[in-house]
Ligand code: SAH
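Here you get one chain, nothing else, as structure tokens; it is the form predicted alone.
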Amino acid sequence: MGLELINAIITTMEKLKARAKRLGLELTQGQLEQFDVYYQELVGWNKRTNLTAITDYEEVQIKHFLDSLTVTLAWQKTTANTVIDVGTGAGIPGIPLKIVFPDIKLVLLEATAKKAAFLRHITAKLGLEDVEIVVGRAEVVAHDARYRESFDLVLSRAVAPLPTLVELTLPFCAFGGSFIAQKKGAIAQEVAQAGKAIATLGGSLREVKRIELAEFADERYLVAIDKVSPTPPQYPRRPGMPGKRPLG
């Protein structure tokens, strides 16, 4: 590795550290090194398994890693010890949050076996403990007693429109816990359309928070939904139904 490239990497990681600080997060040198290893493994595996369309070093730091950490702006972490990332793909946002908060117990739910293989590899490579990889569809796994209504915090990023996403995620959320969706673009109509699904699944909309960081030129939001009552046992419906016939 050339000196110029090494200097560029060091500069980029320092930028990540400074940007995280604006979120109230103090990244250690060890955590920065974990993020660097994560990047290297991500782009290496991406050559044979479709994990991400973003491969530029600094873009990954911003659009994947920093974006994941913005979840903390709506995360009431005083009670969030058990976390599930639904439709995690390459581990975003779950793994970046686990790097920064190693005490959380994390479940990464992914339906694609090849992506799950990467998740097993990267969690071992990073030395992350208390991480479980579950391969399956949310509509099925959410009916498993080991996972149903078992998590303080449920996360999902770029998986589905909100009315569908609520049905796929709130069944995992424990009473008193929260679901945070990361969304992009104008979402007022999407949030309004999700009202019936949120109420039906036992949720209550807490806030829609815009991410105010100069690094993101587009509109990015955190939709935070609190779990205020149990999810009826028939939800989520069978695979495919939440997307084909969203509640409401």
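The shown structure was predicted, so the numbers you read here are calculated from the model rather than taken from an experiment. The numbering used is simple: start at 1 and walk along the sequence shown.
Keep in mind that the form predicted together with the named molecule is not shown, yet the notes after this line are about it.
Proximity of residue 105 to the named molecule in the model of the complex: non-hydrogen atoms within 4.5 Å are absent; the residue sits far from the partner. Heavy atoms of residue 133 never reach within 4.5 Å of the named molecule in the model of the complex, leaving it off the interface. For residue 163, no non-hydrogen atom is located within 4.5 Å of the named molecule in the model of the complex, even though that partner is not displayed. Although the partner is absent here, residue 137 sits close enough that one of its heavy atoms falls within 4.5 Å of the named molecule in the model of the complex. Only one segment in the set 142-150, 124-132, 96-104, 110-118 has any non-hydrogen atom within 4.5 angstroms of the named molecule in the model of the complex, and it is 110-118.
Residue-level contacts in the model of the complex: of 92, 170, 71, 84, one residue has a heavy atom within 4.5 Å of the named molecule, and it is 92. Contact annotation for 146-172: residues with any non-hydrogen atom within 4.5 angstroms of the named molecule in the model of the complex are 157, 158, 159, 168, listed in sequence order.
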